[in-house]
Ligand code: 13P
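Quick heads-up: it's one chain on its own, the form predicted alone, in C-alpha cells.
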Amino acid sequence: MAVARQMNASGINQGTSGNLSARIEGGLLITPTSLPYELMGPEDLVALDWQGQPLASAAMAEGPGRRPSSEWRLHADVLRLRPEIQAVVHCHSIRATALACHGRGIPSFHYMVAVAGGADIRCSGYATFGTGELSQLAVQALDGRLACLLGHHGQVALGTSPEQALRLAIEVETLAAMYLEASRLGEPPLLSQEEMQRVQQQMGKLLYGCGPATAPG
C-alpha cells in the first residue's frame, strides 16, 4: 500500500489513474478501480488468477469485494509471461505520456536509458484501455525490457518488488523529462549500440537496479 501511495506522492501519477500489481501464488494482487490511494487499505487489494477470476485467499476473504483495475489483463499477462518479474507499475506520468502521445519512445540519448534493460525504451502502438489488444502490444514493447511507453496512454515499469518497479517508473519519467528538454536544442545525438551494451554490462557488475534509483558514479 505504501508503494501505491508513493505513486501519487512522487508526482508520477495523479488521482485514481494508474495501477500496481504484485505476484502471489496462483496469480496476482492488484489495486482496485476508482478508489483513491489515500483511502486504500490492504483489504481493498484484489486477488486474481491469470484469467482475471477471483482467487480464493483467506487474506482477502474479509475484504469489501472491490473490482480490480481495468488494466488487470495487462498486469496478468506480463507477470504470467515474465516469471522473473514480481511487480508491475502502470502510471500516466506527464512527460513519458507526452512522448507516448506522439508515439515516441526514449532512444539512447543518455546512458541511464539502459536501466530499462536495453538501448532504448520502446513505445507501443495504441489500443483501447483494458483490452487484450493493449496487453499484447505492451508485452511486445516489453520484450527484453523492464519498461515501455504505451501509445497515447502512459508507461509501464517492471521490478523484482513493488519498490523496485516504482523506482524504475520514476527513472523513466526523469529520462522522458531530460529527453524533452534536450530536444529543445534539436534531436540529441545518440550513444551507440556498443556503448549501451557496455553500460548494461557495467550496471550488471554493480547489481544496478537493486538499490535506489541513483546514477552510478
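The numbering used is simple: start at 1 and walk along the sequence shown. Computed from a prediction, not measured in an experiment: that's the story for all the values here.
A second form of this protein, the form predicted in complex with the named molecule, is not displayed here; the remarks below concern that form.
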Could you tell me which of 67-75, 112-120, 80-88, 135-143 sits within 4.5 Å of the named molecule in the predicted bound form, going by non-hydrogen atoms? 67-75
Considering Pro162, Pro32, Gly27, Gly151, which brings a non-hydrogen atom within 4.5 Å of the named molecule in the predicted bound form? Pro32
In the predicted bound form, does His92 have a heavy atom within 4.5 Å of the named molecule? yes
Does the named molecule get within 4.5 angstroms of any non-hydrogen atom of Gln200 in the predicted bound form? no
With a 4.5 Å heavy atom cut-off, would you call Ser17 a contact of the named molecule in the predicted bound form? yes
Taking heavy atoms and a 4.5 Å cut-off, does Phe129 contact the named molecule in the predicted bound form? yes
